[in-house]
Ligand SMILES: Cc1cc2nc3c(=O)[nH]c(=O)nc-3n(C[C@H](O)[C@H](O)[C@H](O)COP(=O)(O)OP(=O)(O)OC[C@H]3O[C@@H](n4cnc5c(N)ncnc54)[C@H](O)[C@@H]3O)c2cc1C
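Okay, here we've got a single chain as structure tokens, the form predicted on its own, with questions on binding and movement later.
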């Protein structure tokens, strides 16, 4: 790790003040728990002259419920999500995903907003400054080539947040506040398939609230991931499944993936199973469909073909368990 660089730390007490500070310092970075960003700063990946600390913005630290659903502030810690009885009962995969992030100490500091806005990761990017310099940097960090796919013209760094796929299967929406005001969009629209620029935020925007719809509260769901070290690592492949059954037939199903693409994605084609019963053949078909849509590259030390097989197996098993 490098020494921490000199920077100015700003401590706003409201989202409005934070956004105003960001508009005055366009290159400033928002930081909440800092469990991932501060590591990137120590590695020289991020070299901010200004950091905007959101830990004092109390409006980001509330969980409220109304007729519309559950509204979770972006500053709520992962541990609070993992242990919240309402979330565990009504949005199980979300609680499981929060509990799967790194270790318990990280969960005490890491926030919902930070995990949803997690930077994409790659074996050639998340390294020390001297390592990156000796390897001619990369497209995502001061270079002009993607070492994962040298012949290509895009970055394949993978999104590896745990909570996003669990939120996606519940059709979550997010509130974004920026210099031009606030807007509410589906969480799925917050991401795009670009390892260098995977978030669709307008300049200066801040994620403030995540909305989980009441209509899907209680819908059975699960989240699971594969990782090298069970105590701390990012997902090599992660899957969230939400499945409602009507007797032995599928009433509603949603599957989302993480760790295998530059963005967390909802699996397409699951509506084909609605109104049908699962058997070994249909579960195998579901597994194969997941594998086709997962596009892992050599962004970790684990081979892409293995991660593709794992994510299909996870989706099949979780679906079978929920159906059974």
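Source: prediction; values computed, not measured. Positions refer to the first chain, counted from 1.
Separately, the form predicted in complex with this ligand exists; it is not shown, and the next lines address it.
Peer 1: If we define contact as a non-hydrogen atom of the residue within 4.5 angstroms of the partner, is residue 238 a contact of this ligand in the predicted complex?
Peer 2: Outside the cut-off, so no.
Peer 1: Would residue 195 sit within 4.5 Å of this ligand in the predicted complex, counting heavy atoms only?
Peer 2: Because no heavy atom of residue 195 falls inside 4.5 Å of this ligand in the predicted complex, the answer is no.
Peer 1: Taking the shortest heavy atom distance, is residue 74 within 4.5 Å of this ligand in the predicted complex?
Peer 2: Close contact exists here: in the predicted complex, residue 74 approaches this ligand to within 4.5 Å, heavy atoms only.
Peer 1: Quick check on residue 263: any heavy atom within 4.5 Å of this ligand in the predicted complex?
Peer 2: Judged by the heavy-atom cut-off of 4.5 Å, residue 263 is well away from this ligand in the predicted complex.
Peer 1: Counting only non-hydrogen atoms and a 4.5 Å threshold, tell me whether 78, 117 and 205 all contact this ligand in the predicted complex.
Peer 2: Yes, all three are in contact.
Peer 1: Which one of these stretches, 211-219, 123-131, 80-88, 153-161, sits within 4.5 Å of this ligand in the predicted complex when only heavy atoms are counted?
Peer 2: Only one stretch qualifies here: 153-161.
Peer 1: Within 4.5 Å, heavy atoms only, which of 95, 101, 253, 139 is in contact with this ligand in the predicted complex?
Peer 2: By the 4.5 Å heavy-atom cutoff, the listed residue in contact is 101.
Peer 1: Have a look at 70, 57, 37, 294 for me and say which one sits with a heavy atom within 4.5 Å of this ligand in the predicted complex.
Peer 2: In short, 37.
Peer 1: Going by this ligand in the predicted complex, which residues of 103-131 come within 4.5 Å of it through any heavy atom?
Peer 2: Contacts from 103-131: 106, 109, 110, 111, 113, 114, 115, 117, 118.
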